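The chain below stands alone and is given in structure tokens; this is the form predicted alone.
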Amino acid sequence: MLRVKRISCFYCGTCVAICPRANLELIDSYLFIGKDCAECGICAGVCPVGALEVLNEEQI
């Protein structure tokens, strides 16, 4: 599961641009995660403020 730390995210769009499935979208300064997220973690890796993280089943 991909989680957005909304308090940290400043909606720069870096994750949106890098998502290989085009599954992230910024709408009115809000980051939406589509249902087809592969949880690959590429977006989390490029986030400049660490606002995204991929959680495993134990962390959910």
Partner chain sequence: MKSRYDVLVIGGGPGGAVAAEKAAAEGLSVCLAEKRPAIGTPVRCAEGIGKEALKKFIDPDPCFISAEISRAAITAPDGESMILDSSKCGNKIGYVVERKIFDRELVRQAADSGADILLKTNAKAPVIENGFIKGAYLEGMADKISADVVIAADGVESRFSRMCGINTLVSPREMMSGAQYLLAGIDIEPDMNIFNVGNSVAPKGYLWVFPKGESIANVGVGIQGLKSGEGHRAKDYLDNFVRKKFPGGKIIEFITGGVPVCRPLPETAADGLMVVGDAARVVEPLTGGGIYNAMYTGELAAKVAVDSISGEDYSRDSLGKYDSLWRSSPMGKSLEQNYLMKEYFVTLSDEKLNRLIHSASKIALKDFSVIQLVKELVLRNPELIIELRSAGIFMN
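It should be emphasised that the depicted structure is a prediction, and the values quoted were computed from it without experimental measurement. Positions refer to the first chain, counted from 1.
The same protein has a further form, the form predicted in complex with its partner chain, not shown here; the description that follows concerns it.
- Mapping the unseen interface onto this chain, Glu25 counts among the residues with a heavy atom inside 4.5 Å of its partner chain in the predicted bound form.
- Proximity of Ala38 to its partner chain in the predicted bound form falls outside the 4.5 Å heavy atom cutoff.
- Residues of 41 to 60 placing a heavy atom within 4.5 Å of its partner chain in the predicted bound form, in sequence order: Ile42, Ala44, Gly45, Val46, Cys47, Pro48, Val49, Gly50.
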